[in-house]
Ligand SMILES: NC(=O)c1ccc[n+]([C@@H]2O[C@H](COP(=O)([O-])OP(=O)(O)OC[C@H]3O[C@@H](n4cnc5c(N)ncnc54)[C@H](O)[C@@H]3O)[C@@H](O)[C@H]2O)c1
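One chain comes next, on its own, written as structure tokens: the form predicted alone.
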Amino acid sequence: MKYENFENSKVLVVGGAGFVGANLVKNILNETKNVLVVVVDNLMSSEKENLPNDFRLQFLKGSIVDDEILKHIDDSFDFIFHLATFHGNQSSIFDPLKDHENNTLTTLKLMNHIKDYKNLKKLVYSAAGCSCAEKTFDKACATDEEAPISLVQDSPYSMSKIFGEFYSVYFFRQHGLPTVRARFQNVYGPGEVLGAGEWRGTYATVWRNVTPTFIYKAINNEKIPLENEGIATRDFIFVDDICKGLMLCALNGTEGDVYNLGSGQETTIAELAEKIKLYSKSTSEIEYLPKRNWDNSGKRFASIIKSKQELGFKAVINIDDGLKTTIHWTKNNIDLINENIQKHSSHMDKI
């Protein structure tokens, strides 16, 4: 893949200190010699230390909804990646108003602010595959980009991601804003720090995603929690692959259109747990828990035909190699992870 079109560019990454954002920043800097990357992040669920020390990087601490931050976002940017989010379903269920402020409102204020800019080549919005997939625990079919979107959603987070797609289409049609929607599947990989950022009122502040949670517990030989016998399936995509997909959305994506970024492979959560136990040489036991009452997005994976044909995108890291790499990173960064988990211990004790 060649990304020379990022040369001599100015790039904004909103939510750029987060797990995917920081990895995207590193990928852009690694692939491009002459580029300026500006990161906006309020560090609600991230740490500034995630970002590399590079003279081509500028960091603005704050939310994109803040007018003082928006003053810095002028018509000099070539590409914008909007990755800011109120991380996760559980957090949004606990505090839907906070989710609105950090998911829906961030998208609206950013797009409304830049709607008449002339220099911008592409704005890539991070959408969510979970919002569009059929809610089923029966056999899953690959969800393509034209699948109908149901009014029945599992969480405010899921709804916010759909609202973001609505605004992407609206601002493209009404103002010609060159938006491209990238529908994430389940991203995993190095750099996802459990407990990063501020306490957000729920255990999901620490145990935020299934893969890093399982890996951490397996490394420490703790019980691995498996809801509903792990029958749910997901499309797991390694973080470097999704970063390449985001870059391809910016360079090759059609304005106003949407693309799935996933592996196209279906893996059960039970299989994930067993793979992690195997590759971490763990003695962890599986702790079987009931189904989460809010989670009806049972089995799903994405069709990546359109992304391959139109973007030239294909995930190249298989789940086995990706998990081995992530386990290795986690072991090497266990002190950092423990430090971030520990800072929430007083809150966790009260739950």
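Model, not experiment: these values are computed from the prediction. Note that residue numbering follows the sequence shown and begins at 1.
Below, we turn to the form predicted together with this ligand, even though it does not appear here.
Here the chain stands by itself, but in the predicted complex one stretch of 166-174, 85-93, 269-277, 137-145, 85-93, has heavy atoms within 4.5 Å of this ligand.
Only one of Gly312, Gly62, Gly298, Pro52 lies close to this ligand in the predicted complex, with a heavy atom inside 4.5 Å, and it is Gly62. This chain is drawn without this ligand; in the predicted complex, the residue among Ser263, Thr205, Thr179, Thr106 with a heavy atom within 4.5 Å of it is Thr106. At the 4.5 Å threshold, heavy atoms of Val20 reach this ligand in the predicted complex. Taking non-hydrogen atoms only, Ser45 approaches this ligand to within 4.5 angstroms in the predicted complex.
Taking the partner from the other structure, this ligand in the predicted complex has a heavy atom within 4.5 Å of a heavy atom of Ala127. Heavy atoms of Thr233 never reach within 4.5 Å of this ligand in the predicted complex, leaving it off the interface. Across the proposed site, Asp41, Tyr157 and Val187 without exception bring a heavy atom within 4.5 Å of this ligand in the predicted complex.
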